[in-house]
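Given as structure tokens, the chain that follows is alone and in the form predicted on its own.
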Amino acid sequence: MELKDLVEEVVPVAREAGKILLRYFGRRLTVERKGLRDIVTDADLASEEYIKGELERRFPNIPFFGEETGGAEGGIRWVVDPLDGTKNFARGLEVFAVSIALVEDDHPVAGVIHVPARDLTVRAWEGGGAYAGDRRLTLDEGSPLSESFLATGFPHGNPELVDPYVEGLRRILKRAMAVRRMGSAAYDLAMVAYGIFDAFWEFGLAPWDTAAGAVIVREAGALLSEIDGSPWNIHSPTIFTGRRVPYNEMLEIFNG
């Protein structure tokens, strides 16, 4: 199956998972702790159960890896975050997303992100471009940092990363027009591709947070790397993406 056809078949799976999440949203949730400052809810589990079942039914030869249930860790496989932004979701904040990526070893080749509260789905496949509905997402080179609208995420689950992160944030805050912290990396990456944010960076993310978004921003025309400009993969400790002009200015700041 061509990547384009595969992605188009994944879109309704992501959208139905979003409907499942909305049925839980704003209601009393079962919440469990699963790590340092990290939680999982029954909504995460219901979404992942649905996605896993659908992908295994539609693509029986492609292994599955999900944030909540694990699975295959090498070769061609799905890498799924059934609810990115769980803390937002649990508190009633409408910033969360479903993220489904097709990954070959450490390299994502296709991705779908659905934002249920906006009823927005963005998708991309390697070499084929990024899309929202019938609209092809094509980013221009952007504006200087003083005119740029940025997104970031705090390394809340990785205390050892706080100091180096804050140092970079301090420098950026002195130069950027605005910086927002939304609480969902998949959402942020989708919004970079969609043209709302001009750049995004974060430390300490997991493969399921970034795999789909990485291929989507790349196909939309954003630059993508680690924070120091080195090549990015799904196991990278940092992620940095943006339109060319603010990206280059930020890269100098981060490494100055």
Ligand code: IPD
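From a predicted model like this one, the values you see are computed outputs, not experimental measurements. Residue numbers run from 1 along the displayed sequence.
What comes next is about the form predicted in complex with this ligand, which does not appear here.
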Note: exactly one of Gly85, Pro108, Pro116, Gly142 sits with a heavy atom within 4.5 Å of this ligand in the predicted complex, namely Gly85
Counting non-hydrogen atoms within 4.5 angstroms of this ligand in the predicted complex, say which of Glu48, Glu202, Asp198, Glu219 makes the cut. Glu202
At 4.5 Å by heavy atoms, is each residue in Glu2, Arg57 and Ile62 next to this ligand in the predicted complex? no
Residue-level question: is Ser99 within 4.5 Å of this ligand in the predicted complex, judged on heavy atoms? no
4.5 Å heavy atom contact, His156 to this ligand in the predicted complex: yes
Going by a heavy atom distance of 4.5 Å, is Val103 a contact of this ligand in the predicted complex? no
In the predicted complex, does Gly183 come within 4.5 Å of this ligand, counting heavy atoms only? yes
Which of 190 to 198, 220 to 228, 205 to 213, 25 to 33 lies within 4.5 Å of this ligand in the predicted complex, heavy atoms considered? The stretch 205 to 213
